[in-house]
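To begin, one chain is listed below as structure tokens, in the form predicted on its own.
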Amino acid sequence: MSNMTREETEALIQEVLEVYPDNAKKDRAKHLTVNDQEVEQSKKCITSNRKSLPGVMTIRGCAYAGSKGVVWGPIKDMIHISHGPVGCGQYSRAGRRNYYVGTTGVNTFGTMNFTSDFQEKDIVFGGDKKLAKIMTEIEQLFPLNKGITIQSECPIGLIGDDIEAVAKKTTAEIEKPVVPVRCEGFRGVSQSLGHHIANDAVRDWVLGNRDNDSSFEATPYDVTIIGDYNIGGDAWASRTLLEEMGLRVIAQWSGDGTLSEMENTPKAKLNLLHCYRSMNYISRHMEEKYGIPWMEYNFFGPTKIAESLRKIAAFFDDTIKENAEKVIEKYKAEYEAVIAKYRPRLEGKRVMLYVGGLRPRHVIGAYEDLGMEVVGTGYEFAHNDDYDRTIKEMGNATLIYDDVTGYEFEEFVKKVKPDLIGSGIKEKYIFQKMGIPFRQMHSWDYSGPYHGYDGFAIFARDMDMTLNNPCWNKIQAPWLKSEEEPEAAAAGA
């Protein structure tokens, strides 16, 4: 457990808040707390999903990022137009390593950048005609695409372009789905609203397309993987385990996903949700409209994998339940060997996390399987139902921080002195320059997969490679320098 008591952690929060003016201090205090496993509802101790303070640097993305970068972007056989200036599309292109099978530019388009490249004249006169022309050209250049989405950027909402009318007209002309997504970046508190907007677009423009299609041959074991973006091949690793236990994965999205799989999702017997924050909306909709149950699962680390496999199997018959046990037993020697190799090298190491989506809580079990302890965690864009799920995963008296500012995160790290930080690319080089081992936990630092038993072996290797790299002997954290300076001065005297 963390060597900080509840009182010490509370004092640390107050110390960090002291730098702010009174109003800012009052606001930020609501977003920082000490974990208490006895609290049933996180709203009693932490506030989330609120606008960031103007002038305070945070790590969030926008509604466009949540729609184009997360939910829609990885659908590989559709073309996603970033409708607006070129920068948003270029920045969001190919950054998340959503692996897919296909030939880029022929039948898959995920790493390509399609943009309407708004100029000043488009702001003045509108971009509807330009958008329609672009989609006509796309159909000529890339005829194997299965459909188009229009991912609207901020100027579109400001000037009032009617992307819905353009979408309906183009759908009739090219006889393929054209989906307008009102995800202008300014719309939401963070990228979280972009997830919701994107889910609503899936609901309104895609899910019902095959409701009257009787050609689909169902089985009692049909499931879907929703909210897995196949970072470094994660969804493939998860799919392997599900199929080994006798289930049939009929849809997988967004990572390596297709339009037809999305349309077939309502035929499933169970929707399996990995990233709760980004896809719970569409899962709830399918439960209400089609009566499909859904469950959140966690395939990080052998402990959570076994729990999830058994929980999934409980929805099915004894054959699937027996197969789940066989799968767990099959990989037992493999993951025990991983733990035997890496746990002695990682035992007792302390980790601080600050990521988006599901990772701030889902990866805790994987660290614990290696004997490590998560002493601080937080989300960029969580809602309180995310923190409800996090409280039970964290130890008492540990730090929890919501939409943490750059200043706060650095100060917490200086005082808590973790052995490892897992966060995003914006924080990576700051902490590395401070001499602190760091893993980029949004896209696995160009590694992966981390899901499943095979992914756990890669996860353990990467944590060991990072923490025990000899380069850290050449760099000192700021607090170590400050401790040594008085000693050096005394020795010189």
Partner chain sequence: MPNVMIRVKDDGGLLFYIAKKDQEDEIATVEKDSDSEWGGEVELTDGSKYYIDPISPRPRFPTTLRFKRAE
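Since the structure is predicted, the reported quantities are computational estimates derived from the model, not experimental observations. Positions refer to the first chain, counted from 1.
Unshown form predicted in complex with its partner chain; subsequent notes refer to it.
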Of 187, 345, 267, 389, the only residue with a heavy atom within 4.5 Å of its partner chain in the predicted bound form is 389
Contact assignment for its partner chain in the predicted bound form, among 210, 349, 248, 284, heavy atom within 4.5 Å: 284
Find out whether any non-hydrogen atom of residue 43 is located within 4.5 angstroms of its partner chain in the predicted bound form, and reply yes or no. yes
Residue 383 near its partner chain in the predicted bound form, any heavy atom under 4.5 Å? yes
Tell me, yes or no, whether residue 196 is in contact with its partner chain in the predicted bound form, where a contact means a heavy atom of each within 4.5 Å. yes
Any non-hydrogen atom of residue 288 within 4.5 angstroms of its partner chain in the predicted bound form: yes
Considering its partner chain in the predicted bound form, find the one stretch among 356 to 364, 273 to 281, 112 to 120, 175 to 183 with heavy atoms no farther than 4.5 Å from it. 273 to 281
Can you name the residues of 253 to 275 that have a heavy atom within 4.5 Å of its partner chain in the predicted bound form? none
